[in-house]
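Presented as structure tokens, the chain that follows is alone, the form predicted on its own.
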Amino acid sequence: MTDQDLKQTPLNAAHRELGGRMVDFEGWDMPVQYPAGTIAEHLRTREHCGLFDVSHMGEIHVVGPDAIPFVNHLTTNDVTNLVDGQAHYSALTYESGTVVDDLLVYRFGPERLFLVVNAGTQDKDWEWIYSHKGDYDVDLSKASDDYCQIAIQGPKAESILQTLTDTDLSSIKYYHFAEGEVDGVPSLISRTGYTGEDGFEVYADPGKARQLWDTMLTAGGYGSDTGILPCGLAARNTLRLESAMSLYGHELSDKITPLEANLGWICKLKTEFIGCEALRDLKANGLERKLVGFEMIDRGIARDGFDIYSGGGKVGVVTSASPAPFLKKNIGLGFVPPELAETGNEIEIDVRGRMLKAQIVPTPFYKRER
């Protein structure tokens, strides 16, 4: 695929003007990092504030009298527990209990839900959701082209964004949202994120994306030694890994269930959804593998897809791994048999032919002070 074939967010020109190094990410032309570098972007988000373009994510409107029962039939978490102005994390599952995609479900009202799905799976997700419409009284519409999405993340995110809106951000609880204006632009302001930090994701008209991006950078003091930094995909990945957040295609997939990925808390097995019977059986009969976090003991860096060994035999695989810039450790996530999953157990990882020691540790690796 050539650069001309890649999809672009409304902020593509801004990324290039800021010196973003562009890569093909799931068919999108996206910045992997800016001149400051991944480590600087990561640390600035942990200590001050980072700005992320996530406009490549997919959005779907579900509207109608059966909006809640329909989405409840499709997803693992219980939508009936949501109140207006609240969102939750959930998953679409196959009959086998494995994952179509993970997603956010927003409740605007009893007949209006808003789904946010991953960039690389949005076409597949749409087909899956639409194919199960059946007799449910709902209208489904693709809305990805109707929104830009900008994430402002870090301990200073609220104070920076507050200068651009009359909406009282302190009144928006975690995983809740409000409709208001940011820099005069009608926006959905959601207290959510993928970094392990406090912060917000702002959804708005894509035609206003550049205005919002530029004003957030200005309000955050971009250019100063401690000001906000634009952040690319690499920092987004290391931030979510330190926080042990799952990434579709790594910790979740059509071959992995949420229970194996330590996401039993989003699986309300007393409700009826596609895949619930398989997940109930799996829970009753016991897991064959479990997602764990590990730190490298020996000098070396594990990477995604490396094999995990114990007792001289292969027992699992690394799903995500990287140096952790804030923690200054080499960390990772991977699947091992349940009997090996206890904190403190040692494993070995085949790092390009070298068997290096690692230790299983609690997750998340990093947890912000609240």
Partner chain sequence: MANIPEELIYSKDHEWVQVEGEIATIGITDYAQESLGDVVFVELPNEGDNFNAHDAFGSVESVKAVSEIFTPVGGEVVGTNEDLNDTPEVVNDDPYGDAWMVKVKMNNPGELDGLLSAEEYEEYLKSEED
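Everything quoted here is computed from the prediction, not taken from an experiment. Numbering follows the first chain given and starts at 1.
From this point on, the text means the form predicted in complex with its partner chain, which you will not see here.
*Asks:* Looking at 335-343, 27-35, 311-319, 63-71, which one sits within 4.5 Å of its partner chain in the predicted complex if you count heavy atoms only?
*Replies:* Of the stretches listed, the one contacting the partner is 27-35.
*Asks:* Gly300 near its partner chain in the predicted complex, any heavy atom under 4.5 Å?
*Replies:* Yes, contact at 4.5 Å.
*Asks:* Evaluate Lys357 for contact with its partner chain in the predicted complex, applying a 4.5 angstroms cut-off between non-hydrogen atoms, and reply yes or no.
*Replies:* Taking the distances in the predicted complex, the answer for Lys357 is no, it never comes within 4.5 Å of its partner chain.
*Asks:* At 4.5 Å between heavy atoms, is Thr238 in contact with its partner chain in the predicted complex?
*Replies:* Yes, contact at 4.5 Å.
*Asks:* At 4.5 Å between heavy atoms, is Val100 in contact with its partner chain in the predicted complex?
*Replies:* Answer no; every heavy atom of Val100 is more than 4.5 Å from its partner chain in the predicted complex.
*Asks:* Within 4.5 Å of its partner chain in the predicted complex: all of Arg21, Pro323 and Arg352, by heavy atom?
*Replies:* Yes: each residue has a heavy atom within 4.5 Å of the partner.
*Asks:* Among the candidate residues Ala204, Ala219, Ala234, Ile256, which is the single one with a non-hydrogen atom no more than 4.5 Å from its partner chain in the predicted complex?
*Replies:* Comparing distances to its partner chain in the predicted complex, the residue within 4.5 Å is Ala234.
*Asks:* From first to last in sequence, which residues of 169-197 have any non-hydrogen atom within 4.5 angstroms of its partner chain in the predicted complex?
*Replies:* Read in sequence order, no residue approaches its partner chain (within 4.5 Å, in the predicted complex).
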